[in-house]
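The chain below stands alone, shown as structure tokens; this is the form predicted on its own.
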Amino acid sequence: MKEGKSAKQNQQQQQQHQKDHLSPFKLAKLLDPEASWDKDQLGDVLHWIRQVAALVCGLLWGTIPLVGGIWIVLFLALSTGIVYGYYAMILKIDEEEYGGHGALLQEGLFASLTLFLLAWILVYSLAHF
């Protein structure tokens, strides 16, 4: 009898976990410091925030026509500042639970640098040549 109850409870917990994991993402959670995040969800959110910043900066840098390596460094600093500000000041999470500052700040960094350079070079080349 006890095995049946524990199996049933275990099954209910698994179903609840699947519902939580597969439930539609709510935008209100992005700004809620009380929301619970698992490592994958937070990593995905930080990754996509960085991608949006990369696309916006790349399009802006190419349109203005900015040239030079200092603008790459500025993008990296701006992108890292946005990600840090988001998880430290808006979400107020304990970064040690997610692997420390290094792991969180590195999330999506190289993909965003690639997207930034691609957008910047394409817009600059198409608009100014």
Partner chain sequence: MAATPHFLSSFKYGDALNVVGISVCTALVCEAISWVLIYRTASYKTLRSSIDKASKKLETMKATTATSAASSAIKKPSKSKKMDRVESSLKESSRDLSLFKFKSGAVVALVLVVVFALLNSLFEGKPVAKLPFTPFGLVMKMSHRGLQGNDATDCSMAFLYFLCSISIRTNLQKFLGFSPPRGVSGGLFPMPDPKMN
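Note that this is a predicted model, so its numbers are computed, not measured. Numbering follows the first chain given and starts at 1.
Below: the form predicted in complex with its partner chain, not depicted.
- Judged against its partner chain in the model of the complex with a 4.5 angstroms heavy atom cut-off, the residues S36, L74 and D94 are out of contact without exception.
- Between the options L59, V67, A88, L78, the residue in contact with its partner chain in the model of the complex by a heavy atom within 4.5 angstroms is V67.
- Using a 4.5 angstroms limit between non-hydrogen atoms, H47 touches its partner chain in the model of the complex.
- Scanning 109 to 126 for heavy atoms within 4.5 Å of its partner chain in the model of the complex gives L109, F110, A111, T114, L115, L117, L118, W120, I121, L122, Y124, S125, L126 in sequence order.
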